[in-house]
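Below you will find one chain, with nothing else, as structure tokens; this is the form predicted alone, and questions on how it binds or moves follow later.
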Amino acid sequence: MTDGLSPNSIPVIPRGVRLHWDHVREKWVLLAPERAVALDPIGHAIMTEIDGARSFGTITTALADKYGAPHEQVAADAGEFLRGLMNRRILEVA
């Protein structure tokens, strides 16, 4: 389990935050009020799985299956990434 994020937690992108293709930077970014977070391909893959309905465990299982990676590693990496967004108030848990 990751601090504040268990397999049953449902990550939610809060109102005012959105995933956006930045044509200038030619990369995906998360736009929040007065902030932008550039996403690498892994961050983008994680964020595209968040729909506000599926649990963290379901999301990490889907990512592990999609990319043929060990579930434990995906859960650890995704948890660290999402915890960082939660600390910046760019992601919430329902």
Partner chain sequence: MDGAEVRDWRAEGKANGIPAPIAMLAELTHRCPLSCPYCSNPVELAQKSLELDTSDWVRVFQQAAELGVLQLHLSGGEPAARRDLVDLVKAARDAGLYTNLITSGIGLTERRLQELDAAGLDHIQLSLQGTDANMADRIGGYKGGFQRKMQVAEWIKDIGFPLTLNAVVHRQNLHQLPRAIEMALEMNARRIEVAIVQFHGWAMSNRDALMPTKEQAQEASRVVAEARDRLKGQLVLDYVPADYHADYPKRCMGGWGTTGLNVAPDGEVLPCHAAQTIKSLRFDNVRTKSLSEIWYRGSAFNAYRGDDWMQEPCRSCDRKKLDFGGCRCQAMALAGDPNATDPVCVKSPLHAELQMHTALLSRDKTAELTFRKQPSA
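On a predicted model such as this, the values are computed, not experimentally measured, just so you know. Residue numbers count along the first chain shown, from 1.
One more form of this protein should be noted, the form predicted together with its partner chain, which is absent from this view; the next part is about it.
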Checking Ala62, Leu31, Ala69, Ile42 against its partner chain in the predicted bound form, the residue with a non-hydrogen atom inside 4.5 angstroms turns out to be Leu31
Contact of Asn87 with its partner chain in the predicted bound form (heavy atom, 4.5 Å): yes
Give a yes or no for Arg54: in the predicted bound form, does one of its heavy atoms lie within 4.5 Å of a heavy atom belonging to its partner chain?
-> no
(message) Please tell me whether any heavy atom belonging to Ala75 falls inside 4.5 Å of a heavy atom of its partner chain, as the geometry stands in the predicted bound form.
(response) no
I'd like to know if Asp22 sits close to its partner chain in the predicted bound form, meaning any non-hydrogen atom pair within 4.5 angstroms.
yes
Contacts from 34-67 to its partner chain in the predicted bound form (any heavy atom within 4.5 Å), listed N to C, are Glu34, Arg35, Ala36
